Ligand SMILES: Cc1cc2nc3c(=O)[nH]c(=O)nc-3n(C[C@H](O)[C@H](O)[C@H](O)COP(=O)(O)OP(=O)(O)OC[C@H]3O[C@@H](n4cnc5c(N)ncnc54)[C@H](O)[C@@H]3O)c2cc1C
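A single chain comes next, written as structure tokens; it is the form predicted alone.
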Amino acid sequence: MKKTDVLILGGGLGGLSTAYHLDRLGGRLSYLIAEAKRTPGGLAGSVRRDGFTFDHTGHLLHLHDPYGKTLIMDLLKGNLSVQERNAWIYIRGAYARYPFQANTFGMPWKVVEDCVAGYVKTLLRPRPVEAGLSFREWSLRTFGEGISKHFMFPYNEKLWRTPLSRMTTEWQGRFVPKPAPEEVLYGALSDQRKFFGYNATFRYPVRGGIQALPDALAARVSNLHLGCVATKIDLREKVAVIAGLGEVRYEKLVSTLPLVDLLDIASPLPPRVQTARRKLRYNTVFNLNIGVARRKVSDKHWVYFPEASFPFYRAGFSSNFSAAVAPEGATSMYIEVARKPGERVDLNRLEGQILSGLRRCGLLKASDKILTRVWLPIPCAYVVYDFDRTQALATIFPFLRDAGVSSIGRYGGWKYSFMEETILDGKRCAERLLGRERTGEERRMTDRPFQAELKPLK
């Protein structure tokens, strides 16, 4: 039986970051990383096919934290480009800039009129926007009926696959920009080019797709085992059964698996935790990647599609992030469709509907040749922030903590976040495992990236 101080389930960014920072902050705890895939990175990885490099949907780097920015730029030194977002919304045969609430210019006049009138009504007859509102009610009170009807409601229902009256607003703070009144009105009358939101600019690897990031992080850790799936965890005995490794005894467990998957293989779970597990909701995303035999199909980075007549909620152009992800003279695209978990999907039929929709909106021409196509489904894609979520997590996380388990990252933490935050989650987890109360000197030290000796994957 293998033994380790810290067993890390998942060799994505959260798990790799935990290991990296355990080494960096002292190295007195042994660790073992078990990753189910044959390559590091998890969903922040890439697949190569027929000269194309496809990510698991658009994976862009939004760097806001000083330490996170320093570390990621060191990991990808010489392999990062900085770009200004070029994102749009397609409604009724016309394009509006993202975010819709600040950019209705270009829409059919009836749509603009609905949106402006509804928004002005919220200013003239405001209703309090107090804590505890559903996302549906929050949208109505914040943006009005027009903006809600034409974009907020149809797009979010299409993405989350959940009634918006059952969703909270806990997720939307930085992800749903709230422009000032003058910006809403100005953006209805003219082509407003101001950038809004946390992703106004982004970084992306020049070469290698997003896989370049976990590869760089994996090169700075040791004891990473690929193709190893955890199938059972005995929380009482602190033993995990992992395909390819057998039984592994640990002192502390770090899981970056989707929280529902962790709980489904862990035992014993008290009844209250089992009940809370059943209240966790999420959606599934079917991500179709295609290579098109035409250069620069679009100059946009991505386009949102709120209308029900299109099966997808977003289509993006990854070759506009980096020309290296597609062969010369070709375009790389990703198209995302959300479904409820377990919903049966005929991929051949859905693919036909997607291609038909892309032709109908003009992104593809009837003459376009599809060079390759790759489905990359994400079974647990977006955590649903419904009114059961907070209470369920308040039951689950204390139980896991008492059992010596840290569940971290976007899916382990059961939240809506981005890659930089996941890397920082790993850093904070390593600090907790080491019992480190950081001094001022240590904070200065951790503001500089760690230059570790490159270590081979195992």
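Heads up: residue numbers just count along the shown sequence, starting at 1. Note that the structure is predicted; figures quoted are calculated from it, not measured.
The same protein also has a form predicted together with the ligand, omitted here; what follows describes it.
- Interface residue remark: Leu43 is counted as part of the site for the ligand in the model of the complex, having a heavy atom within 4.5 Å.
- At a distance threshold of 4.5 angstroms between non-hydrogen atoms, Phe418 is in contact with the ligand in the model of the complex.
- The ligand is not shown here, but in the model of the complex it comes within 4.5 Å of a heavy atom of His62.
- A residue is said to contact a partner when one of its heavy atoms sits within 4.5 Å of a partner heavy atom; Thr53 fails this definition for the ligand in the model of the complex, lying far away.
- Only one segment in the set 107 to 115, 384 to 392, 249 to 257, 77 to 85 has residues whose heavy atoms sit within 4.5 Å of the ligand in the model of the complex; it is 249 to 257.
- Proximity to the ligand in the model of the complex, taken as a non-hydrogen atom within 4.5 angstroms, holds for one residue of Ala403, Val47, Ala36, Leu29, which is Ala36.
- In terms of contact with the ligand in the model of the complex, the residue from Ile89, Leu263, Ala230, Val337 that brings a heavy atom within 4.5 Å is Ala230.
- Annotation for 354 to 379: the only interface residue with the ligand in the model of the complex is Ile378 [heavy atom within 4.5 Å].
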